[in-house]
Every structure is written in C-alpha cells, then in structure tokens.
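Shown below, as structure tokens, is a lone chain in the form predicted on its own; questions about how it binds or moves come after it.
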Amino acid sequence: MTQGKRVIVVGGGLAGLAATVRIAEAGTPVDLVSMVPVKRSHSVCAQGGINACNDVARQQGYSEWQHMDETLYGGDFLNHQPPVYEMTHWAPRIIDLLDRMGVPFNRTTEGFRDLRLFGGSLFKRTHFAGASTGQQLLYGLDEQVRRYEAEGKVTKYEFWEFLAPVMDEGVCRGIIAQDMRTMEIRSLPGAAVVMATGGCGLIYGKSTMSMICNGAAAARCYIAGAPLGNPEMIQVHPTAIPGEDKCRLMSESARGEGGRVWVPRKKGDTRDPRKIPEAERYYFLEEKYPKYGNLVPRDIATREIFWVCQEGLGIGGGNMVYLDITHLPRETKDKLAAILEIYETFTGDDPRETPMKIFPAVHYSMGGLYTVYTPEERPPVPGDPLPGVVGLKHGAPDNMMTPLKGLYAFGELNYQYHGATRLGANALLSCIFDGLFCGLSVHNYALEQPASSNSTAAFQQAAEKEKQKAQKLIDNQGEHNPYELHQRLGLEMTAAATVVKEESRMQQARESVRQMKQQYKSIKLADAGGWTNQNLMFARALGDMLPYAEAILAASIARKESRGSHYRSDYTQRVDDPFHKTTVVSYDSAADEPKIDWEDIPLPMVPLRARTYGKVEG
C-alpha cells in the first residue's frame, strides 16, 4: 500500500465504487464518502441496461467502432472523441469483468448473455439484468469494495456530506465533510479527491433522480474554482410517471422490448385505451421516424411527446401519452417485472393489461464539471475503419482531472462522454469506465505527491469557514422559507430550461434566480437543533443550487442554436460555426455570476454530419 497517502472518493454510486475498487487494487487506500449507504446510491435506480459490443452483437454486423459512432451521433458531436473511443472499446471487457463479479445478466436459452434493443441503435447491444440492472451492478461492485474494506484498504464514511474541497497553493489536498447524524464538521486529507456525486435533478424540483441528487457537491466545486462543462445539456426522459412528490422513471427497456408510444387520433378521446381500435391510434414516433420508431434517442422522443400534447392530442387533452406493452408476450413482460411493479404500485393499474400513462421528466445531466485528459495515437483494433485512432493514455495522471489540480470528476458529474444527449444504457458504462480506467490515473497522481503535502492551516481554515456558514444559517432570522424558495426555483427552471427553451423566458428565469439569491440571504430555518438537522442541510444545498441554476441558464442563453437536448424555439437549427464547442462556465466570485468561455472540440476520427434519425418531413 502507498504509505501515508490516501485518496478520497466522494459518492457511493457506480462511478465511486468502481474508482474505489481500482485505486485500492493499485495499492492506495481510499476514504469513501457517501450521503447514504452505498447500496442506496442513485445508481440503484438505473433500470434498462449497459451497452457493449459482444460476439452476439458482432454477428449482427455490430462493432465497438459503431458503438462509438452511435454515441457521438446521439450526442450531436458535442462529446470529445478520444474518451468516447476508449469507453466503447473497453466496454466488452467491462461486461466480462462484471460477469465474473457475479452480476446476474439475463441469458439466452443457449447460455449467452442476452441483449435488448435500446434507443439510438438498430442493433441489439444492451446487456441487462431484468429491469433492475443498476441495482445488480451496484451490489456486485459493493461486494468488491467490502472485500477491500475487510483488508483495511477502504474506509467508508456513510451518512457524511461533502461540503468543500480543501485548496492549498492551488492544489486540492482533501475535503471538508459533515456527519449527517452528529453534525460534526471535520477535514479529510487526501493526495487526490474524486468527485462522483451524480446529477442535479433537484434544481428542477421534480425529476426521476433521487432527492440527494441536488447538484450541491458540483456547485461547491464550481464555486471553489472548478469550471462546469456544458451545464445547459439536461436530459428529459420521455417516459416517466408524473407524481406530486417526484417523477418515477419508466425505463427505456419497455420500448427496447417492443413497447409502443401512442395517443388517440381524435382530440379529447376519453375511451378506455383497450377499446380504441388500431386504426384510431396515432403511433407518432413510428410514423415520423419509420427507421427507428420508438427507439429514437430520448431528446427526440421527449420533444415529440411534448409537441403532440401541445397540439391537444394528449390523453383526454392533457399532458400524458400511452406507453403500451400489453401486446408483448408474457416472457417479455417478465423481463420488465421490476418497472411494471413500480407502475402498478404508484398508479394502481396493471401495465400488463392496461397501457401506461406517461410524460417526460428531467432525468440526467450530460454536463458536469469540466475535465481534461491525455490523448494517445495508436494503431486500430479489428473493426476500426481508420489506419490510426486516438484514445486515452492509460494511467496518465490528468485523465478526467478538473483544472483544480488533484480534483477529479467521474460518472455523471463528468461532462466528457455524452455530449448534447446521452444514449440510453451508456450511463452505467461511462460511470464504471471512469472508475476502472481513470482510477489508475488517480493512483498514479497520488504516487507523485510528496508525503508531507498537507497544510494543517489550510484544513483548519476551511473547516472553520464551513462551521461559520452553518452557524450563520442557524442564527438567521429572515423572512423566507427555504422550501418555498426551492419550490419556486424548480417551477422556474422546469418552465424555462427543459424541453423547449426561448431567450426571453430564460432571461426572465435568470432574473428570478438572481432575486432568489438575494432572498436566500434572509431565510429562516425551522430547526436549529444540533442533531440530524435536515433543515440545515437542505437550506445549505439550496444556497449552492442557485448559482448552479444560474450557470445552466447563462449557458443556455449563450448557446444560440438547437443541439441534442438543448432545443431553442428561437434558434431551431444546429449551428456548427461557432457552436460546435464546449460551453465552459466559470464562477466569477467578485460579481457572483457565471462567466462563459468556449473550448474547441477536435474531430480526430468521425466528421460532423446531420443528426436526423431518418425523420420523415411533413
């Protein structure tokens, strides 16, 4: 083991667990910090599958190169190509490793790992474990972490919240964290820090993400000096159950297994959907996109559902459409049991017999902390059509490091892989790839650090700052309720910056967020207690969600084009010159506002082309 050096991994989901396994395996001990027990991390909610080419897919004519091309095309070419190349070419090895860890992938009758169709591809290349794939992967990796924990190589800090990175002479030396039970605030020194805390769904009020996915950890790094990359790229999933408290995902696996999206052709038709004849049903995705049908990428399906409801064709004239799996054979429905049970639990209807009522909901953050990498030119592997390709240099210390030296971003918090729209079943892959491939980079960086690199004064200063911030919130006797402020934030962001965006509405939302930032200064907590004070933790997170929300709006306003999940009604076309660039958003602490810069995106392998998915015009 690396003597006297530790790495801190923040986040207990798939990216955090994979990083922990890889770093501990390399010989550097890890402190794993998570707000919840790691088996309750949001990765457990992933349902549909994980993408990778295998021998069965190759027999269809598929390849790792085609997986890369689909990912770039799906992301509307906003992704960097070397990381996508490396991820898709590592994917088969990752599946083999997970299989050896005991993940119970579905099998064919011949014993091969089964595959299903998923959006953005005409090939079956999605491995799955029923409709609870994320849970099975999380449990498999957690068992490996527990093995290293038993050997003394991993220390878990569950129910601890990340508050801030500790910076000393421009280098990240550790973090400040708080025990969510005792409310103790303390420092954790580390030779490197890996942030793997997921998305920012709570900024939108209701989403398919867990309630801990508030973006606060990312915002705290952003405020500390780590820029955001493409924060405007927020994915809205086309199929979710609307709810009063939150939205619950109905996985793309339902469409991948043959589910169909439709509405009655007649406006306001309130008949039982089972009594509406085929000829009187409008299968709008199949009619508009005959090549891909219900398997178009999520941003396209979402907009089509949104527009068909805007035209008054939604169920009963409202904002819902049918997702129908009633025609599928019993054995196919059995593969979807996990999500069908969720639907029945929360609606009372059995989706095996009655079409599901669904509507889009905020689901994923393609943007995140801005990171860098070391590219590497190399000869192609079989299936690559070019004489030379560009991937990532394995073990390069800067792979997926933010501009704050020693601070890394993995998984959904890392902006690199998905561009303007993530293809379904690429999320689990990118999380695990980041951890396993870039975990070695973190280990190598830690080896380079001097043994006595931690300044006691820097840690004391940072911890005292967070204690004062918490005490100030507790002592505040203002007039505003943080929960009411958050409700307003969610409504404003959902209205202005989701499916369809427009300049004046976003400017209005930005002004509202600025007002909320002022009002936040005079909030009042309902709980001043010193034990498990959730009111304090929520209010503190809200203070960080507001600047993140402003960054999303500023980037959305600056990108005057439509690309992937970023669709503007006032700029409806993709504009490669000048917007085929990464939006890099830095926090201007003096002005307390975001600053926009642009980063060129190299095209070493796949040239730009129009993204249409065979749409039939007219």
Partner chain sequence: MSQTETTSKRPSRFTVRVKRQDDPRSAPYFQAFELEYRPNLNVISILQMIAAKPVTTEGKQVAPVAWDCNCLEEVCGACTMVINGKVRQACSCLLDELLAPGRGASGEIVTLEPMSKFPVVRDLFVDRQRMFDNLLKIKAWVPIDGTHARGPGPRETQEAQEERYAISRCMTCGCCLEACPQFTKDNMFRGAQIMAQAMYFNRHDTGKQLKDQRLDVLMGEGGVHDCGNAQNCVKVCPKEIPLTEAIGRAGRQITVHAIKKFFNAGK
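Positions refer to the first chain, counted from 1. Only the largest set of C-alpha atoms that superpose within 1.5 Å between the two forms is called the rigid core. Note that the coordinates shown come from a computational prediction; the quantities given were computed from them, not determined experimentally.
Omitted here: the form predicted in complex with its partner chain. The next part is about that form.
Of the candidates 526, 451, 381, 372, 526 is the one whose heavy atoms come within 4.5 Å of its partner chain in the predicted bound form; the others do not. Taking 41, 565, 583, 51 one by one, only a single residue has any non-hydrogen atom within 4.5 Å of its partner chain in the predicted bound form, and it is 41.
Within 4.5 Å of its partner chain in the predicted bound form, a heavy atom is found for all three of 158, 244 and 532.
This chain is displayed without its partner chain, yet in the predicted bound form the stretch 206 to 214 from 206 to 214, 490 to 498, 298 to 306, 402 to 410 comes within 4.5 Å of it by heavy atoms.
Residue 605 falls outside the set of residues with a heavy atom inside 4.5 Å of its partner chain in the predicted bound form. Not displayed here, its partner chain is kept clear of residue 294 by more than 4.5 Å at the level of heavy atoms in the predicted bound form. Contact check for residue 107: a heavy atom falls within 4.5 Å of its partner chain in the predicted bound form. Looking at residue 181, you'd find a heavy atom of it within 4.5 angstroms of its partner chain in the predicted bound form. Within 4.5 angstroms of its partner chain in the predicted bound form, the stretch 348 to 369 places a non-hydrogen atom from each of 348, 349, 357, taken in sequence order. Comparing the forms between the shown form and the other one, the C-alpha position of residue 354 differs by 2 angstroms or more, with the core used for superposition. Relative to the superposed rigid core, residue 170 undergoes a CA displacement smaller than 2 Å between the shown form and the other one. A displacement of 2 angstroms or greater separates the C-alpha positions of residue 320 between the shown form and the other one, with the rigid core held in common. An increase of at least 3 Å in the separation of the C-alpha atoms of residue 103 and residue 351 is found in the predicted bound form, compared with the displayed form. Relative to the shown form, the CA atoms of residue 355 and residue 132 are pushed 3 Å or more farther apart in the predicted bound form.
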